[in-house]
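Just one chain follows, in the form predicted alone, and it is written as structure tokens.
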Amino acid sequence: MSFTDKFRHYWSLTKPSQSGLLLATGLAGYMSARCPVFNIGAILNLSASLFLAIAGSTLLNMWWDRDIDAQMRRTQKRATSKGLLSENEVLRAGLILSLIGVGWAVAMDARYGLIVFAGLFFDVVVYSIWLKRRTAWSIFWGGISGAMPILAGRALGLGAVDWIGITLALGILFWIPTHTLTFSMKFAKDYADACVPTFPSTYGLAVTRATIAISSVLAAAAMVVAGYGIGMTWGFLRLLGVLSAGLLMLAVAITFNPSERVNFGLFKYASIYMLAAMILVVIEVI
């Protein structure tokens, strides 16, 4: 196998879209502290350390989940499922990237490094290894890892953990069920084939849709409160409110008028919403 092909396989296993979104939250968290946003050195170091830690944890997840990924139709084409990369190769790459990413973060700032490590620990150990195959509630614990990049970024920029950083993290934490539960409904059969418990299989579709609606309300509220705390102008807050209203409308629609189309729309809009919210934070403070 050529170096280019091998790199392409590794790159696909890092889930570039997901990793990129998490990196964007980390950068937004850093800039929300209104630190010198044009400190290119700090931004580059944050981006590199955070991306390596996220990519490393994702590779470790791919390594651990290789058996169930091979049973699910949507993941059967992954390099780990098809045997395009050996188990030891993926494990080694995941460990190396994780160690470099976390080590780099600690070298920059101990508090920042600790939060980055916490994100990796919750993602790999708590979510994937311990809970994913045992309980449908694993996504909420795993969601803590998704909330760590924005908290880490703000802590690095501010030099402390404050209520705004925690509120931003809660916004991500509550947003994650909106994203992942719609996904688990769409691919319910895949998860059933792999014997992975999900909210739809454990509690039914009605409870799952209600959970999505509640988490959407909490995510939108947390983001608006955090925006106010950051000091967003009325114009930016109003735009964030409009974006939040769209999320809430889709959440209500999936609860009272469920359909495959609405489910897919909410899944896509959830990512767009969070990315747009991060862009608003960055633009407002520049």
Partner chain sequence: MKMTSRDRILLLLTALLASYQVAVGIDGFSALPIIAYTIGFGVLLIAALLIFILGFDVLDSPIVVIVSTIIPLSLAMGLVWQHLASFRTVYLLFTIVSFLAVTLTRSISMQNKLPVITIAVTHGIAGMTIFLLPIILSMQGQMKPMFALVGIGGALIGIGGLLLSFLKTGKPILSREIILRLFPILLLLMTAFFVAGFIYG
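Numbering follows the first chain given and starts at 1. Remember, predicted model here, so these are calculated numbers, not experimental data.
Just so you know, the form predicted in complex with its partner chain exists too; it's not on screen, but the next bit is about it.
K.L.:
Please tell me whether the candidate spot formed by 239, 268 and 272 is one where all three residues come within 4.5 Å of its partner chain in the model of the complex (heavy atoms).
P.N.:
Per the other structure, all of 239, 268 and 272 touch its partner chain.
K.L.:
Just to be sure I understand the contacts: of 250, 220, 226, 46, which is the one whose heavy atoms reach within 4.5 angstroms of its partner chain in the model of the complex?
P.N.:
None of the others qualify; the residue that does is 250.
K.L.:
Between the options 243, 68, 232, 33, which residue brings a heavy atom to within 4.5 Å of its partner chain in the model of the complex?
P.N.:
The option sitting close enough to the partner is 243.
K.L.:
Is the gap between residue 264 and its partner chain in the model of the complex 4.5 Å or less for some heavy atom pair?
P.N.:
The answer is yes: residue 264 has a heavy atom within 4.5 Å of its partner chain.
K.L.:
In sequence order, which positions of 93 to 127 have a non-hydrogen atom within 4.5 Å of its partner chain in the model of the complex?
P.N.:
None of them.
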